[in-house]
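Here's a solo chain for you in structure tokens, the form predicted alone.
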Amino acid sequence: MKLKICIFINKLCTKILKLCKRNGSVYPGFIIYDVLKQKKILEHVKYPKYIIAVTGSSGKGSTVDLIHKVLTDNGYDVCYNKNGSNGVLAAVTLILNNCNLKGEFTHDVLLLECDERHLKLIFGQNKMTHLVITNITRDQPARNGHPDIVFEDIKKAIGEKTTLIINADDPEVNSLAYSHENKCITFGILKTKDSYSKSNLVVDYAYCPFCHKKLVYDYYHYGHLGKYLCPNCHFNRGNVSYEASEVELDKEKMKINGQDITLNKDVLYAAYYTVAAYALLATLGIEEEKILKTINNQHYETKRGKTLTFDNRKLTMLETKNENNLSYYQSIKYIQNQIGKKTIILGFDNVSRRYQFNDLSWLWDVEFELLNHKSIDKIFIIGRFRYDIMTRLEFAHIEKEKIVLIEDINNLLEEVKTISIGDIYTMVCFDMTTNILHLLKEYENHENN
């Protein structure tokens, strides 16, 4: 009876919010979870055969998008959090909205992108049939502290019956392959032409997770992801179940276990989310040719890298995650590798959507020095923290004539159009992406009138 009442309230609240033209992805869950104190309500739901969660510091949203696309193409009725809300309140809202009043989940598959710290709150143990872990890096340090804290929270949600699909290139994540008693599938990427033998950055995991001796790397992809070995206890990357090789980002192609794969973006994180999704789908028993058909022959969108046009110039929106230096690193490397002159839009209004205090120490972990590149024409700095970003760029010795401080964001597009050249890249967080899209729509309407 309690579950039936909670489902009814959740559905009613969602419907009212939709009528008020509100998103409604979190608030109904807040009513159930926090106001009514029903923190164990999801334990009473009758779940389908497949309960798949994807978590990690980065890449989980794109991985979920691709998994959803392949499963849907193969006839599965999949429910997933398309809007990206990945905390426990959003999960409560989504799951209860997709149950009948008997508490039965009404789809074949529940597929969730899950916040690393909220995973244990959403499922507890022995609920997930499959868990994909993309990576664990220094992310939202003011909230998460050390990555080890995040890793321990993830482990609390892993039950004996859960099948793990984990990134072997991440030593901390890969340690689960040595301890998990149920099925553990690994994925990774072999050395590419962009891999490097010596890290220029402070890595998050420099030491063996078992004996705590310093790891020796054969190569790095970025951060602490790469091929490693502990010279003391011989912990290493091991034999990888699904391995990407012959990665050619400029040609947007690679191989997975010998099969030709087309990437939908020329960035390394696209290779990672593709091989992660491939590993999960193959583990579910989807035929190889059916996985390849969707990946190689159809266009599928992901949350990062949408391409638009402004002022007859290509505009690429790189949604770059605040408080995550590796997310910025990948965006900067992507921009650096593109041909021709480039204009960059950089900035944010909110450090985090989860808390109010504004820790900016992570800006000094971002390798903004890579923006010292002759192909970059202008860097427009926007948002509430524009002076902090400008100071960081000055310490990175970016040429002052390249930096343009925008005091009023409403003037951004006109300034970009007037004083810059080349393709445009927005390197901003999610909230600012919405603001820029609104400005683009207003500009287009003005031009058409």
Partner chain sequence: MKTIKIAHLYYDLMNLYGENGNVRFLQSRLERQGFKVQIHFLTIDDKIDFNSYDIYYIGTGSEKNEKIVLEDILKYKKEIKAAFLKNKFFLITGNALNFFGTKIQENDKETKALDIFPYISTIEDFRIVGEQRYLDRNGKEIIGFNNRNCITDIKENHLFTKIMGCGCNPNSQKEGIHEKNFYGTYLLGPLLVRNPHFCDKLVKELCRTYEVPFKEPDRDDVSYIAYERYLNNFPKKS
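Numbering follows the first chain given and starts at 1. Everything quoted here is computed from the prediction, not taken from an experiment.
There is another form of the same protein, the form predicted in complex with the partner chain; it is not shown, and what comes next is about it.
- Using a 4.5 Å cut-off to the partner chain in the model of the complex, not one of E252, K290 and I424 places a heavy atom inside that distance.
- Although the partner is absent here, A206 sits close enough that one of its heavy atoms falls within 4.5 Å of the partner chain in the model of the complex.
- Looking at Y196, you'd find every heavy atom of it more than 4.5 angstroms from the partner chain in the model of the complex.
- Contact annotation: D408 falls outside 4.5 Å of the partner chain in the model of the complex, judged by heavy atom distances.
- In the model of the complex, no heavy atom of H221 sits within 4.5 Å of the partner chain.
- Annotated contact segment (heavy atom within 4.5 Å of the partner chain in the model of the complex): 211-219, selected among 80-88, 239-247, 307-315, 211-219.
- Of the residues in 13-37, none comes within 4.5 Å of the partner chain in the model of the complex through any heavy atom.
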